[in-house]
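What follows is one chain in structure tokens, specifically the form predicted on its own.
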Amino acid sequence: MTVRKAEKYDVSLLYALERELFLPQNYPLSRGSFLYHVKNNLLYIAEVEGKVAGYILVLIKRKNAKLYSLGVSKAYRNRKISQELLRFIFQELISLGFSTLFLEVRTDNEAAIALYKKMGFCELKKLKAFYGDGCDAHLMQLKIEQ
């Protein structure tokens, strides 16, 4: 597996993966959103044998870094790709001077919550009816160490 920065030519592949992973009511990213994030945020792709297996998107706003989206194709699950993407982004954030990473995760996404806890995130608080379908979210935080 290799991890690389997403480029403009990746937008269609990222959009197709997003449609595979997220239902319309969960606000999947559009082609235009991916194009914006390629230019303005930290968007990286995991490739396996030249094929897009997953991606990670971190939004940067002043001194805050927020894990906005992490997705791995169903065909590439259970290969620790999410963990590798997270480790990669931790190093990128350290190199950019960030020491904290935040995220929101659905309270019914037990696999994601377990992954984030395994990677060192802690829950800060519950956000009531955070998602469009009324599902709550956990606000989580990680103190990134060098």
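A residue's number is simply how far along the shown sequence it sits, counting from 1. The model shown is predicted, which means the values in this text are computed figures rather than measured ones.
This next part talks about the form predicted in complex with a small molecule, which is not shown.
Among residues of the shown chain, residue 111 is one whose heavy atoms approach the small molecule to within 4.5 Å in the model of the complex. Within this chain, residue 21 lines the site of the small molecule in the model of the complex, having a heavy atom no more than 4.5 Å away. Using a 4.5 angstroms limit between non-hydrogen atoms, residue 63 is distant from the small molecule in the model of the complex. In the model of the complex, at least one heavy atom of residue 81 sits within 4.5 Å of a heavy atom of the small molecule. The contact residue chosen from 118, 51, 39, 31 relative to the small molecule in the model of the complex is 118, the criterion being a non-hydrogen atom within 4.5 angstroms. 70 is the sole member of 89, 70, 101, 45 with a non-hydrogen atom lying within 4.5 angstroms of the small molecule in the model of the complex.
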